[in-house]
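Next up: a single chain in structure tokens, the form predicted alone.
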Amino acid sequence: MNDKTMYNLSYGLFVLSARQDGKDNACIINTAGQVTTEPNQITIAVNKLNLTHDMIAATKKFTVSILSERADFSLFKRFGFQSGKSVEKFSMFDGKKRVANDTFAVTEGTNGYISAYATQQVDAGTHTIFLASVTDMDTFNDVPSATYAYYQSSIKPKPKPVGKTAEGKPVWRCRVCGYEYVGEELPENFICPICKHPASDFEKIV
């Protein structure tokens, strides 16, 4: 079985934001989509390790900001490669606005937002799937949405292959964030400390 086939699926990239007890947080997700138009409902899937997950589970409110091809890598580093448990992700960041459900919509590098209220949730192992009713939405511009393939080809920096370290040890690189693990073999249960993706998203650099 070729695990890389999953990368042929077409999907977008989003900043998922929430607010609880006066604290704002957000993370990057690639699973948001419309389920029905009448009523207007969407689903999102969120990693249980993310603080944003716990905030949505508690408040039911969230906003999905749709990343566009104008997004740069700094947005992914801010919202995807650090934890809201240790940093304030919206601190010193001007590309945002408070929307009707009291969460932030990201206005920089996005083309619109959708706010929603979660009505159901399904345990999906590492993630929770939230079914939600749309409460508000707006479009910022007509810049095309960034797909995961576009992110890989045009936004994500291209690190130079290293193959082996000076000590001759092999290097395994995360295909999502670029984190590198040094060792002969990558443990099957390894989780990327930066983006939380599993060992199946790592490739041996040769």
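Numbers for residues come from their place in the sequence shown, where the first is 1. Every value quoted in this text rests on a predicted model; they were computed, and no experiment measured them.
Here the subject shifts to the form predicted together with a small molecule, a form of this protein not shown in this document.
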Which of 22-30, 58-66, 35-43, 135-143 has heavy atoms within 4.5 Å of the small molecule in the model of the complex?
-> 22-30
Is the gap between Phe81 and the small molecule in the model of the complex 4.5 Å or less for some heavy atom pair?
-> yes
Residue contact check: Lys89 to the small molecule in the model of the complex, 4.5 Å heavy atom | yes
Any non-hydrogen atom of Lys96 within 4.5 angstroms of the small molecule in the model of the complex = no
Would Tyr148 count as a contact of the small molecule in the model of the complex, using a 4.5 angstroms cut-off between non-hydrogen atoms?
-> yes
Judged by heavy atoms and a 4.5 Å cut-off, are Leu51, Val176 and Lys196 together in contact with the small molecule in the model of the complex?
-> yes
